[in-house]
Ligand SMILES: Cc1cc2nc3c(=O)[nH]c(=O)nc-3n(C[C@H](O)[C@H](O)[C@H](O)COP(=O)(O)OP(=O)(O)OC[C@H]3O[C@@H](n4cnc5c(N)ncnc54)[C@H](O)[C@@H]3O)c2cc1C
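Given as structure tokens, the chain that follows is alone and in the form predicted alone.
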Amino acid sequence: MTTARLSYRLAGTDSADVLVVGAGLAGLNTATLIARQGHDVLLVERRTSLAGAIRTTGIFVRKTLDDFPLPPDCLGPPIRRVVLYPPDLRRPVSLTSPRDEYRVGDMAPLYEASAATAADAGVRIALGTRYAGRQGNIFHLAGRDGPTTVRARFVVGADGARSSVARDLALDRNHHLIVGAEEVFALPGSDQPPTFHCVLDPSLAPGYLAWVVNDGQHAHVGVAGYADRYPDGLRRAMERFRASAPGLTGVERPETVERRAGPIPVGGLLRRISCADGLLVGDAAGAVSPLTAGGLDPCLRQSQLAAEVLNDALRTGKPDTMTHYDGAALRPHFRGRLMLRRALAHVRTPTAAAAAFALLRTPFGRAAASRVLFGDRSFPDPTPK
């Protein structure tokens, strides 16, 4: 899409029914759904281009692909095979699904396509515009043309794991975070089946995984874990993993590499994610799987609920409608994944990881892993009362 369609210029003062802060998938989808209900929506994004500063790996699971109309030309080849490795990379466990389970999104054009859909719905999109705080229903922004204010009935915080909107609305904020880093580069043609390689090694990825996603078109090589457990820092762990990463045998890393990094909330959906003045979606609401750290499916599903609640609040004028957007009521759906998150967080040494991996080699372990990796569970789809 042309930049002109994303060049809404703020000057002095402005107004909207809903101000959405953040143009990730959660913010874009929420804004689109609200605008389609006939409401005036202003979306602001601090980046000057949606193709820049991408943080997510962009892995879409089967449930998302089944339930949401994602542009096929923005998706890589389907992946059915997952290989799990212990710290020494020996005797991995290979799991193959009879169905297409994953596809990796080309996130820059996917964001741009989502923004085009939002603009078509009537959303005004202002890039290069930073959220700077609020006073009542007056919101302060800093854009390319200087500071401005927006009067809005509601605000949606889609501004990431360390949400400033959550702070200003006195809502819950993420405290359980891991940090991740990833390199992405194009691949020549490959005769290997598209595969998701996962390495359980606390020295590389304390409390999480190191990964290689090789879908035959691109390689995504990354590590993530608890920041305070990296003795030499995340960058050094990434360098170590890159030198021995599985799934890249014979592949020469090109000079042109896209680098991504950022915090990932893994504490589960936050309890207090709405108030009379607004609500949170996506990473800002902790809508990320505590176990897999996948957030694309939750952000799309949660944004549907957010849009329904906001539409009701705008049409009825009843502030108590916002109480239907309740993280505490949804949080029990994640109880099992939160327990597994705590278990994974306690795997602190390669010896412990190797012992845990022995369980994966049993029929019970393989079945449990298949259920997690290929299961049908996703973010719940509640309906507002």
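Predicted model, so just to flag it, every value in this text is computed and none were measured. The numbering used is simple: start at 1 and walk along the sequence shown.
Keep in mind that the form predicted together with the named molecule is missing from the display, and what follows is about it.
In the predicted bound form, is there a heavy atom of the named molecule that lies within 4.5 Å of any heavy atom of residue 278, even though the partner is absent here?
Residue 278: no contact with the named molecule in the predicted bound form.
Even though the partner isn't displayed, in the predicted bound form is residue 130 close enough to the named molecule, meaning a heavy atom within 4.5 Å?
Looking in the predicted bound form, residue contacts with the named molecule include residue 130, since a heavy atom lies within 4.5 Å.
Please check if residue 296 has a heavy atom lying within 4.5 Å of any heavy atom of the named molecule in the predicted bound form.
It does: once the named molecule is placed as it appears in the predicted bound form, residue 296 has a heavy atom within 4.5 Å of it.
Does residue 111 reach the named molecule in the predicted bound form if we count a contact as any heavy atom within 4.5 Å?
Heavy-atom contact with the named molecule at 4.5 Å: present for residue 111.
86, 202, 268, 180: which sits within 4.5 Å of the named molecule in the predicted bound form by any heavy atom?
Looking at 86, 202, 268, 180 one by one, just 180 meets the 4.5 Å heavy-atom criterion.
Any idea which of 353-361, 42-50, 321-329, 337-345 reaches within 4.5 Å of the named molecule in the predicted bound form, heavy atoms considered?
Of the options, only 42-50 has residues within 4.5 Å of the partner.
Pull the contact list for 14-31: residues with a heavy atom within 4.5 Å of the named molecule in the predicted bound form, in sequence order.
Residues within 4.5 Å: 21, 22, 23, 24, 25, 26, 27.
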